[in-house]
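The chain below stands alone and is given in structure tokens; this is the form predicted alone.
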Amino acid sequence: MKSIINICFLAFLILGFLVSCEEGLIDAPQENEILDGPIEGLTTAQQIQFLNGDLAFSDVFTIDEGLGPIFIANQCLSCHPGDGRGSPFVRFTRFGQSDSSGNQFLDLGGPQLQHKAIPGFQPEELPDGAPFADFIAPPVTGLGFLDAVSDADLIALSDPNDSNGDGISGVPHWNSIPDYVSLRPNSVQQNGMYISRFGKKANSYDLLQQTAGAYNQDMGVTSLFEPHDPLTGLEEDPEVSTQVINDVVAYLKTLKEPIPRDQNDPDVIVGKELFTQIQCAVCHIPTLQTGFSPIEAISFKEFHPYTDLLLHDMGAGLDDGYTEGYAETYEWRTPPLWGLGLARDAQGGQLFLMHDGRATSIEEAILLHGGEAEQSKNNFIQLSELEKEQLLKFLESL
């Protein structure tokens, strides 16, 4: 009888423990509440490389592993927390170029200011007279889809002479490319230049150039692709392997696109209509199509990034006097809006928008638009307070 009582008592304790644990569990976030995660339909080999790239993306570089001697951050996640936007607390500064003649300050540390240094070295300081711009890092999700949009589609979206008279004349960034990149299928050449599409001014051709450049300029880590030390300018042995670079590129290519939320909310539906009515959708194009991609899960897919990947004149207020490649100082690539509603999660609960994080709300970001976006901004100002709330609610749903 005693043993039966003990067994019953033990069972009671276990049941109570399980109930208390269940009550203490935190529900896992929904897929549309996080940016991390692979796209659907990857092969087993692609999933393995995604995981390897994910690990490398969060790897912390040490001095023994090649960090520095001057640098900005010691891991990719420092600038892209949760694969999302950076913040002004980890901003970076580019300097040295004011027109298409090239960077005139490469011998003084350009194009990027490395404001940290390992022991025994001094961080860089901005040279006198150097044009510069501050940046915060963009989110990195859905990049494989952006990478796979065909050059022909981007050319078709451009309107350099404003032939339709809407005041908007987006253009591709025709730019020179490094020798180590491989051209996309059906790439278009113009006077020896190719269309680049990544970065605030669309200065990088592809994710390999973007990644190798980030290792080199952000962390001071050399690779087979970018072998020159940022401090001395001398060529050094690779401090990060080609396999790691390729894994990170594969990770970035196969991160899922941000998933919108609350799409059946009546205010969100109205806000989406207003977004088109006030001409925001002319540049922030809701839907694009990929062309062929070696990654079948990306190939010939429709997706919804809210960008045209083109350069636009954004007016004097956003002209920092600095540029990259052949973009003008007042030109900026249309940033994708997908994932906008999750930006606070990566930015410490606050919101920092525009290329340098100067806007602390979506409304403030809209009001900073000028140049080709002046009319859209004025259209927004003329909305009723209810309409503004509906439009902002739609943008928060992305």
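Heads up: residue numbers just count along the shown sequence, starting at 1. In this text, all values refer to a predicted model and were calculated from it rather than measured experimentally.
Here the subject shifts to the form predicted in complex with ligand HEC, a form of this protein not shown in this document.
Student: Taking the shortest heavy atom distance, is residue 390 within 4.5 Å of ligand HEC in the model of the complex?
Tutor: Because no heavy atom of residue 390 falls inside 4.5 Å of ligand HEC in the model of the complex, the answer is no.
Student: Report whether the minimum heavy atom distance between residue 211 and ligand HEC in the model of the complex is within 4.5 Å.
Tutor: Within the cut-off, so yes.
Student: Looking in the model of the complex, any heavy atom of residue 76 within 4.5 Å of ligand HEC?
Tutor: Yes, residue 76 sits close enough to ligand HEC in the model of the complex that at least one of its heavy atoms falls within 4.5 Å.
Student: Could you confirm whether residue 372 comes within 4.5 Å of ligand HEC in the model of the complex, counting heavy atoms only?
Tutor: Looking in the model of the complex, residue contacts with ligand HEC include residue 372, since a heavy atom lies within 4.5 Å.
Student: Can you tell me which of 270-278, 120-128, 97-105, 181-189 lies within 4.5 Å of ligand HEC in the model of the complex, counting heavy atoms only?
Tutor: Comparing against ligand HEC in the model of the complex, the contact stretch is 270-278.
Student: Exactly one residue in 198, 225, 174, 132 has a non-hydrogen atom within 4.5 Å of ligand HEC in the model of the complex; which is it?
Tutor: Flagged contact: 198.
Student: In the model of the complex, which of the listed residues (318, 148, 288, 154) lies with a heavy atom within 4.5 Å of ligand HEC?
Tutor: Among 318, 148, 288, 154, a heavy atom within 4.5 Å of ligand HEC in the model of the complex occurs only for 318.
Student: Using heavy atoms and a 4.5 Å cut-off, decide whether 57, 353 and 380 all contact ligand HEC in the model of the complex.
Tutor: Yes.
Student: Any residue of 302-322 with a heavy atom within 4.5 Å of ligand HEC in the model of the complex counts; write them all down in order.
Tutor: Residues within 4.5 Å: 312, 314, 318.
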